[in-house]
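The form predicted alone is given below as one chain in structure tokens.
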């Protein structure tokens, strides 16, 4: 009897161990069936899987703080949903099974600072790049290879499997941006950080902040304090407004920088300046301060472009802003200055670009700046009139593509969309995807374009829920246009990948538009 019982126990334990082993065995998976946005340049599957487990450690080569920060970011993304410890350690010489390795190495020169490769085997994951920025972009791909539940903030059921194979990837355009108008409606620093985190998933690398307009001045200028004391205290429809102190702005810049997103600040001038004109009477040609404005009309305000005191003001603003902006760009607006006489407008742009250059920055301006004599390193942002970007290219100036009828995020999806505007037309998810920056405007080719930017003007956008609804899912398509060459993009294939991202956006808590054109996977 004793021997029979022992035999039964032995068989039972053996079966349990076999079952446990089979449950943790790597499963066949196809890397090419994963829904990665933007789509990588090269995907080579090997048909198996790597399992992220409690024993997984993230190793980084090189002792720099930047490398460690990148590894820690990956761990912080993966910990909440897995509840794994995921230690972060400086790499040893020999790779060990079950771990993730981040390496700086010499990839092809053409892959630049954002290029990366991921090598996934049953035993290890190795992420290689020329620069930590490339590792960070690769991390966004890696998180998309995991189930959507990885984005949850509470523990989820596993297993956490990643398909094996190799991915090699790099962007088509160096500038892949969004713009947020914080002047019409103000967004708090915490909200900007939330937005930055959402943008990082899709490899967006620029956040352009529209910091001044007729309705509000949003950045502290210490030498001109009334800009925020007066000009910052309202917004569209008479809300309380707000502004960023220079310390808050620097914190936002640093937060974005840790996610390899560059902040581009914009001070719109000589038009769109009523908030400044209400703050300082001397900025007006008649010496009389204007009333604060909470409407949505455009084109009625202008700085006094022939007065030297205006350029003292501009110099101070650019000087202070440049000092707290590590990125290469300062945006000076320049659009819709309808009441500024053309010779005065040209005079103003010519002088202001010299001020921007004096403080070590490149000037970006809306396409109307092409009427001036631009410096070769200036950038014209196309938004409506194709005559202006062609004029800029003829001066040797590069173009940033933001065609309103294709990429303005404040445009409604259709006639039923709330909120939003429709003056440039409706932009459904397919229309947002089905265009090529390099063939949109006759006379402007790929070589003339630095990238694309999707602006969100906030006349009707008052909170994060509305912002997310207008941005997502269109931003995924814009990210792909910026990253993937036109010949490798296909709407019918993309819409299937996008449909699988619905779960991921749900897991991230994003209030997104569920277009009927996309087969969303519930």
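Residue numbers count along the first chain shown, from 1. These numbers were taken from a predicted model, which means no experiment stands behind them.
Below, we refer to the form predicted in complex with a small molecule, which is not included among the displayed structures.
*Asks:* Which of 402-410, 126-134, 273-281, 167-175 has heavy atoms within 4.5 Å of the small molecule in the predicted complex?
*Replies:* Within 4.5 Å of the partner lies stretch 402-410.
*Asks:* Could you tell me which one of 315, 248, 95, 335 places a heavy atom within 4.5 Å of the small molecule in the predicted complex?
*Replies:* Selected residue: 335.
*Asks:* Quick one: of 75, 346, 375, 421, which gets a non-hydrogen atom within 4.5 angstroms of the small molecule in the predicted complex?
*Replies:* None of the other options qualify; the answer is 421.
*Asks:* Report yes if any heavy atom of residue 252 sits within 4.5 Å of a heavy atom of the small molecule in the predicted complex; otherwise report no.
*Replies:* It does not: once the small molecule is placed as it appears in the predicted complex, residue 252 has no heavy atom within 4.5 Å of it.
*Asks:* Just checking whether residue 298 would be counted as a contact of the small molecule in the predicted complex - the rule being heavy atoms within 4.5 angstroms.
*Replies:* Residue-level check for residue 298: yes, a contact with the small molecule.
*Asks:* Are any of the heavy atoms in residue 217 no more than 4.5 Å from a heavy atom of the small molecule in the predicted complex?
*Replies:* Because no heavy atom of residue 217 falls inside 4.5 Å of the small molecule in the predicted complex, the answer is no.
*Asks:* Spell out, yes or no, whether the shortest heavy atom distance between residue 66 and the small molecule in the predicted complex is within 4.5 Å.
*Replies:* Flag for residue 66 set to no.
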